[in-house]
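Okay, so here's just one chain, in structure tokens, the form predicted alone.
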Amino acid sequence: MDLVSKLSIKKSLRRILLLILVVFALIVVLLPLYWTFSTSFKESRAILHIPPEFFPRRIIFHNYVEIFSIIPFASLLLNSFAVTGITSGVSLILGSIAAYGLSRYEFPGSRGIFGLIVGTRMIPPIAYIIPLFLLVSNLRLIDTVLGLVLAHTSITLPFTIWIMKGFFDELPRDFEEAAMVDGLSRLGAMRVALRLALPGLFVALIFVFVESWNEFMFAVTITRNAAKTAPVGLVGLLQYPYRQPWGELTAGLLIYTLPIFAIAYFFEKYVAKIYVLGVLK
């Protein structure tokens, strides 16, 4: 066997090995999602059938209707949208202003302040859940949307500052200086920089939205009934004493994940932008 044939065989084996790894990774990632999807269209007896039914024999849509009757799922979704929307807005506004100041102004301790902000991301939220609960309780914000927004902002704001500062650092200052020469204030120059950093805003929005939308620990600790979010309500279905409504639960999970799929589909190119700029390096 000549050298060319050996190299061709090695190249083919590498491709086959890579294909096997890709298929295995897809199975690990997509199988739980498919099982949730198929379970949401099964009857109760089919869900618990032995051996398991990988493909539903009879497709029903009753679970998607029932989830709105066994729990107030519509109001839970509205609470989740309210908390996530307000948290995203507050984080983007305050985070962009803080990131712009840290990027454009050098003052004693500026690097230390930025390091402290980034360092808060290293602390697991469970470590300060009790102080945060006491703070929200003293402010009389228990079981309110505003109290949950305060808790979510504590974990999303540092990340927003980190992301936006990376984008501002990559922007040349010539445009802002030209804008100020034309008569704009520093605030007007910051608006110019924000227009140039729109990919960064989209990236920050995606991560802030997903983190706030999927958050469970603060929601179950701070909320009771009025401000309860969808994750807390869905987990509550597991507390049924005699039967866990797996069909309704999986239907609610798929409805709840639709906004995440929509964001991933429409803003995928902006997520890739963060790697181009090297913010996560």
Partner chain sequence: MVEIQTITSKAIGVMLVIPAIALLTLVCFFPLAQNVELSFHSWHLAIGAPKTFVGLANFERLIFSSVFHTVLLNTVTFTAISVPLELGAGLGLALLLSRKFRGRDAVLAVISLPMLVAPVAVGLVWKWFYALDYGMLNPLLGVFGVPPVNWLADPSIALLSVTVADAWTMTPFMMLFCYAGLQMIPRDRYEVAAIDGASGLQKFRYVTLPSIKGILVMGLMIRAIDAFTRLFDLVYVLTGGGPAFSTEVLPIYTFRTGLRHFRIGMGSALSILTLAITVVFVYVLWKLTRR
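Residue numbers count along the first chain shown, from 1. This structure is a prediction, so every number in the text was calculated from the model and none was measured. The term rigid core refers to the maximal set of C-alpha atoms that superpose within 1.5 Å between the two forms.
The form predicted in complex with its partner chain exists for this protein as well; it is not shown, and the discussion that follows is about that form.
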Problem - Contact at 30, 249 and 256 by its partner chain in the model of the complex, all three, heavy atom at most 4.5 Å - result: yes
Practice task
Could you check which residue among 198, 135, 74, 82 gets a heavy atom within 4.5 Å of its partner chain in the model of the complex?
Solution key: 135
Handout entry: its partner chain: the contacting residue among 117, 179, 92, 145 in the model of the complex [heavy atom, 4.5 Å]
Key = 117
Exercise for the section: May I ask you to state whether residue 167 is within 4.5 Å of its partner chain in the model of the complex, using heavy atom distances? Expected result: no
Handout entry: residue 128: touches its partner chain in the model of the complex, heavy atom cutoff 4.5 angstroms
Key = yes
Problem - in the model of the complex, residue 52 touching its partner chain (heavy atom, 4.5 Å) - result: yes
Practice task
Report whether the minimum heavy atom distance between residue 186 and its partner chain in the model of the complex is within 4.5 Å.
Solution key: yes
Practice task
Can you tell me which bits of 19-37 touch its partner chain in the model of the complex, meaning any heavy atom within 4.5 Å?
Solution key: 21, 22, 25, 26, 28, 29, 30, 31, 32, 33, 34, 35, 36
Handout entry: Threshold 2 Å Cα movement between this form and the one not shown for residue 47, core superposed
Key = yes
